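Take a look at this single chain, the form predicted on its own, given in structure tokens.
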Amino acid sequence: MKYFYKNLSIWLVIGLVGILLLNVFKQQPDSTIHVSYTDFLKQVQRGVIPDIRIQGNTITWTNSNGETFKSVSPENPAAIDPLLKSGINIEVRETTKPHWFLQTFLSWVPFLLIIVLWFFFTQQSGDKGGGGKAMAFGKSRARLIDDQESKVKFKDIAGVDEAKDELVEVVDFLKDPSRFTEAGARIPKGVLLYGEPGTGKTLLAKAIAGEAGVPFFSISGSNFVEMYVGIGASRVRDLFKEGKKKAPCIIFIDEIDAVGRHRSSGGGGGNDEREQTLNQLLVEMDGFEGNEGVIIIAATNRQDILDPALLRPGRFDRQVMVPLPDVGGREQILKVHAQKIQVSDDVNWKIIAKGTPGFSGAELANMVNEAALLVARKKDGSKVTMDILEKAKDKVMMGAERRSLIITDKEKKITACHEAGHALVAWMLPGADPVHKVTIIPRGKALGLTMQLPEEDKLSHSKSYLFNNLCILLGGRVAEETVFADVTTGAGNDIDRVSDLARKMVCEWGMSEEIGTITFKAASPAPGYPGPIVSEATAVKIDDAVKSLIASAYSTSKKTIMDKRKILDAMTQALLDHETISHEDIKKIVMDNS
């Protein structure tokens, strides 16, 4: 209401100024006939003018017909002499002037408008933290959130139980600090949440705001950094100053890597704005002045690039990884989001969870939303079924179908053969992930896709499993070459992935007998560190080992396709007939053609 009345008063002032200006400059319609001074004197001499009115040097009179005339006399007083000699009645009026208040007001109108506009913009605040003022560059832009404003609670978060337990302890300390202090415990000054994008780091922070019952300041790391040197450091000081006033409280900094990167890693030298901001943040978190009751919680996707001084105990004492959910966590997350939609009785969330390995919480939420959108398009009030969820999952994993794309029969046949090659090699190699679905319906940039789904989540991969993946990726290229005696650009992405995987096996995971268990990472472990130096002879050995590994996988894939050519042809024809075949369809094709 405060902002409503302030805005209303400003508009009233503007309206009042507009009305006064209209009254001042409004002109009445003028029907007076203008007569030259010479004609006026002639009419005077003829005696046709009974009386006149003089205002300034303007002479006005009215004839017997009621018409009004005016003339302008010279400024020379002698011009009135002929009038006096004629004996006519002369009425002289004093020139009227605007009221002194109106005249003063009009002269100050521009200044008043400038003052009102300046007051309006400087008093407007973009958030409750008071950081949106136009002139307050050095003020914190943190948003103060109360527990009533945040609707998210810990019960609304699933799949990250360990991370949630760590933060529940922080909330318990804020609610009842005596229980911890009596035991001699010291609550962590800072908690860093890190993990893959979409795993729920910011959502956990929102839950803290809803559960803590204490002031909660929220700000993004990018809000500290400005082009003007010193502004970021000033905002950090102001943020902690506000936090101390409202202690106990929580300060949440999202995407802290925007300001917390390694120092001296950029081109700005040691005095650039970002480093000054980081230095001030380090001082505020653990300097001479204590911040009792102020707990810092930060989130980042790039823990590896943060400055070591920021991660040491005393600043971020506790570092909590928010991982991608496992199959049980995915099932819990799906059930949480399913509460917002109408779900059919045939939906089995455990099957959906098994079919979404590697999905983050955000991707699972997006999949459920896509299913709800598919139902809404039908406009028949139906519920989300298992089939609709499968379609939504395919859309999220592989992209939207492009059925309008015109493909020639020859290209369609090549695509079907290519995807059948992937599927055949994946089916025949032991230890490979089961084939879930094969389609030649274009999705995204791909003309066709072969989808494999692991039976269980894998945290590490064996050499044989990775080698099988190389064979599967090369299966499409080998099938094209075997059937058409030619190759196309359709295997471009496959070759790129094969090259990357083979080089990692040789250079990072020590899976090459020629090279041995030595790491040759391409990326530097830390900014400013040159990384391992590779001699020219070693580089040649690495290239040879990568080529040898890919050649071996190519031979294995070619032998598999040559031995099972009949199955390949049958699978290709099935794709041409139906466009999409499932795991059960492939199983039947293999049994009928073995």
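Residue indices: 1-based, along the sequence shown. These numbers come from a predicted model, not from an experiment.
The same protein also exists as the form predicted together with a small molecule; that form is not shown, yet it is the one meant from here on.
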167, 158, 296, 233: which sits within 4.5 Å of the small molecule in the predicted bound form by any heavy atom? 158
Answer key: of 494, 370, 273, 196, within 4.5 Å of the small molecule in the predicted bound form (heavy atoms) is 196
Which among 310 to 318, 354 to 362, 422 to 430, 236 to 244 is in contact with the small molecule in the predicted bound form, heavy atoms within 4.5 angstroms? 354 to 362
Would residue 202 show up as a contact with the small molecule in the predicted bound form if we use heavy atoms at 4.5 Å? yes
Hey, in the predicted bound form, is residue 503 touching the small molecule, heavy atoms inside 4.5 Å? no
For residue 256, is any heavy atom within 4.5 Å of the small molecule in the predicted bound form, or not? no
Would residue 473 count as a contact of the small molecule in the predicted bound form, using a 4.5 angstroms cut-off between non-hydrogen atoms? no
